[in-house]
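The chain below stands alone and is given as structure tokens, in the form predicted on its own.
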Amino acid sequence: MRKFLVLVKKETKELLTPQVLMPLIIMVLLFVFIGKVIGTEAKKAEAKQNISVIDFDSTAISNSVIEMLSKSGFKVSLYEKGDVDSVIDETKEKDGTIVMVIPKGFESGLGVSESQDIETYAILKNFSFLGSRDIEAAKVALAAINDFVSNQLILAKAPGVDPQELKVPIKVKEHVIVGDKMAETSPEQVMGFVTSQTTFIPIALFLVIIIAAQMIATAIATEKENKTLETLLSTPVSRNVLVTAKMVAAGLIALLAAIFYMFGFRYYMNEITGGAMGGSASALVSEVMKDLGLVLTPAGYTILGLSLFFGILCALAIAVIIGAFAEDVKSIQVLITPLMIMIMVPYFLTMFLDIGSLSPLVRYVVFAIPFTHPFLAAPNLFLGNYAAVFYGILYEVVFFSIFVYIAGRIFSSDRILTMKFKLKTRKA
């Protein structure tokens, strides 16, 4: 055991170099920087937006519409005359995004129960996420105006009646059941909460597994290329112990990388969504989720960590064998492609589909890929499916042990020093 720990320490020191740490630190700082910039711009976008209104009617109802726009957070520039083209030009100069035209006869038409058209001109300056938010804000404001005007018309025809009672005569009390627990809330709120808590895990794991696999495969290929592997193999240590030590050391560094990525990506998403996906929930939402049992306990986080760690180890076990077959460092990228495909398949399937709804054959194939289980661990823990998570971890351990054995057999042979997988190239 002492020799194993010494090897783990040695391999960790060799892998934990400035060349490994610097990209991690830079990545986190990059996420924080981009998130900060986007967050700042988002706050600017949330400030009062310029909207130009051409009011050809100039009546009480049209004035109410303009007042509603002001209350909705828009800085209204009012025009009671002029042509649309000149107003659009002025709005562009003021950095506005919307021009609205209220037609003549707007109030009188509504008074005789005729629907009226309000023309809008959306000025698209870019096609970015923040650019689309400006247009979406205008739609929300128009919906609020529509609601306000309809309320006024209902009150005029039926004084003393609550307009909402007529417009929405049926009210729905939504309940959600998770397992044997129930709470009064909407399914959308529950789905949004769980998604906000689990979004970062598959993304971080996906990136970390690929990076860690490339790292250890490259390290072994480099040792072969530099002839240092011969010295390492000549030490009085079991080859299986040697291989396992390499994987555990790389796994620990990969776990560290996962923490870095999850922190940086969480901050990034938190800034973009204004905290909606940062894990912060109101006291009421938190209480509802607690009632439904959708809260991870310290034990749950420990189990999740184990699933992630063994998922990383499975990737490293495959990568060690790939590194043993590599002719040189340059060939690693090509050889590691099948492993990347093995990671991508369950990554996308678990994000968009319920694996249980797949046909039995496809489902078994997906479950046979060890990386499926860490991707499914967090949702299963939220649903209380601890057995599925434990079986997944057990499968990962078995998969890891088998590949460690295979790698140990490869390393036990002197052919490890000469075996190569050559990629044929055509000679001109």
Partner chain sequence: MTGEDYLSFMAKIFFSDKKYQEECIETARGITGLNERLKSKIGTYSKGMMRKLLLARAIMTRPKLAILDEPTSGLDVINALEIRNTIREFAKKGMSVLLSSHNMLEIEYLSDRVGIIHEGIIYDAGTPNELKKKYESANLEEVFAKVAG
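Bear in mind the structure is a predicted one, so any value in this text is a computation, not a measurement. Residue numbers count along the first chain shown, from 1.
If you look for the form predicted in complex with its partner chain, you will not find it shown, but the lines that follow are about it.
- When its partner chain is considered in the predicted bound form, S115 lies well away from it, no heavy atom lying within 4.5 Å.
- Contact check for K10: a heavy atom falls within 4.5 Å of its partner chain in the predicted bound form.
- Among heavy atoms of P159, none comes within 4.5 Å of its partner chain in the predicted bound form.
- In the predicted bound form, its partner chain lies farther than 4.5 Å from every heavy atom of S357.
- Note on the partner interface in the predicted bound form: the residue among S286, N226, S186, T302 having a heavy atom within 4.5 angstroms of its partner chain is N226.
- Contact with its partner chain in the predicted bound form, judged by any heavy atom within 4.5 Å, is made by just one of L306, I210, L335, V237: V237.
- With respect to its partner chain in the predicted bound form, the three residues K3, V6 and T231 uniformly fall within 4.5 angstroms at the level of their nearest heavy atom.
- Applying a 4.5 Å heavy atom cutoff to its partner chain in the predicted bound form picks out no residue from 353-373.
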